[in-house]
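A single chain comes next, written as structure tokens; it is the form predicted alone.
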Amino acid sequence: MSTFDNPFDTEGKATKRCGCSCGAHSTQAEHDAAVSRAKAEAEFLKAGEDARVRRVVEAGLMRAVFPNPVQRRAFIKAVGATTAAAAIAQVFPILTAADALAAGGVPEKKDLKVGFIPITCATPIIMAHPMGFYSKQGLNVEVVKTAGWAVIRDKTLNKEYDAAHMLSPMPLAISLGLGSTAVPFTVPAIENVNGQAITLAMKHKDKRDPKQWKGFKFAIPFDYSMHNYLLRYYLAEHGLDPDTDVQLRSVPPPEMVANLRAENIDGFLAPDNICQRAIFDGVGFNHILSKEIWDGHPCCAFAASKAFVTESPNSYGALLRSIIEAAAFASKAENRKQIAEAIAPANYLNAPVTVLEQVLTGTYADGLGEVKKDPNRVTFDPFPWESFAVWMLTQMKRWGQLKGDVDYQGIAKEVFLQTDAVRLMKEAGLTPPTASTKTFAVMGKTFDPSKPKEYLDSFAIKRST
């Protein structure tokens, strides 16, 4: 029986056989029924996802209660279709059933642990806890504040965490065995776009030309991070070799402001809440936002091992749905102040709400006496473009982290998963791209993901040959 057959139909098919007006059916009744079904199918496909799911549930329930079509039609004739649907809903909660059907299978594990670093890049993963996005999917998620990226990696590899907030290059590095045992990992969703800055100590406010930075000590969060690659790119474009002209140190983001205050470092490229906290405390100023290097760049990601994805597909699906719906909520400017309040407490970011509002709303003090406005200082678009992964791999290769021949497109496709993201973005009211790759510009230089070797060869300052 077709999904589009109307179980509330009171007429059914006639048995009289006398031809029809179009000549394609045995009877006029069959012709009319076919036209009715075609109309119902068109209406079904035009309806929203929730309406379609509800209709499927209603139809199934009506057929289950009245399996005999003659009895079903007699009942509906007697009380009417609306009353019949209401009567069924009294016995069985249709909306609950529809929600269950839309959500997929029952999670294999409802109690999950997700690690995170206390930075605004993790906003969707963090806010999904206090704002109920996890519980809506039937999950009991413990979001665990973690000290540093190596700890996040190791605890996820050891399965202490079911999934984690990671720097978007980390799952590529883990999958390739860079810095750890090789374990297949995935990026089914990007956490944030833009949302970083180069911050310098106040004593350097007159040194705005990077050529004046020789001998500077810079902090980055981790070797396999967009922060590392963007800072290296920026320095190299200004003629500085990041391995010989400056020092780059891996420092956990929560420790960066203290190190700047103690003059252990001259600056850092870090998540915006760390940058804004340095300004709030009067020890640093924003040199440039990371979006001025590459507008639209990814930063952090929701990451999970392929083992978790395949062994607990329903738990994985529910977790990913929670995060994509949180990202959809965070993508709307009018929700940002509410989110800042939700993620400010000590068990999350442990930051003043004022600092987080400046980051999330894009109206912020720059540390040099000006208030700036940029609503796209940080945005939340979960689509995991394969071209993002290809660019990261070129930078791993450029700086000697990756040796030998590289299957750029193959690795990107294996790690950056788009199928689930597309489906769940649509469910969350977002519009996913129709392509898997795109070109973009970094400091005015176009990157074509289909030509990674040519891109890599074009740089004068690099470690690879």
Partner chain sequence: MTQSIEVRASLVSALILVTFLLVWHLAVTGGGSGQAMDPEYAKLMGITATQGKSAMPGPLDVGATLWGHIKDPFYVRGTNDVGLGLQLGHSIMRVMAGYLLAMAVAIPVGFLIGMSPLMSRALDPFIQVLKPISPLAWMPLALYTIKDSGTSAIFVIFICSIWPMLINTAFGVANVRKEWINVARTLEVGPLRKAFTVILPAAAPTIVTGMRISIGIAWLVIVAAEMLVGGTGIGYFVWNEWNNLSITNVITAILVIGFVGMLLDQGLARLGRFVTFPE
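Residue numbers count along the first chain shown, from 1. From a predicted model like this one, the values you see are computed outputs, not experimental measurements.
Not on display, but discussed next: the form predicted in complex with the partner chain.
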query	finding
Candidate stretches 116 to 124, 317 to 325, 289 to 297, 335 to 343 - the one whose heavy atoms come within 4.5 Å of the partner chain in the predicted complex	116 to 124
Heavy atom of each of 248, 401 and 439 within 4.5 Å of the partner chain in the predicted complex	no
Single option in 312, 305, 228, 146 placed near the partner chain in the predicted complex, where near means a heavy atom within 4.5 Å	146
Heavy atom within 4.5 Å of the partner chain in the predicted complex - the one residue of 376, 135, 212, 363 that qualifies	363
Proximity of residue 354 to the partner chain in the predicted complex, heavy atoms at 4.5 Å	yes
4.5 angstroms heavy atom contact with the partner chain in the predicted complex for residue 371	yes
Heavy atom of residue 233 within 4.5 Å of the partner chain in the predicted complex	no
Heavy atom of residue 244 within 4.5 Å of the partner chain in the predicted complex	no
Sequence-ordered residues of 319 to 345 touching the partner chain in the predicted complex, heavy atom within 4.5 Å	none
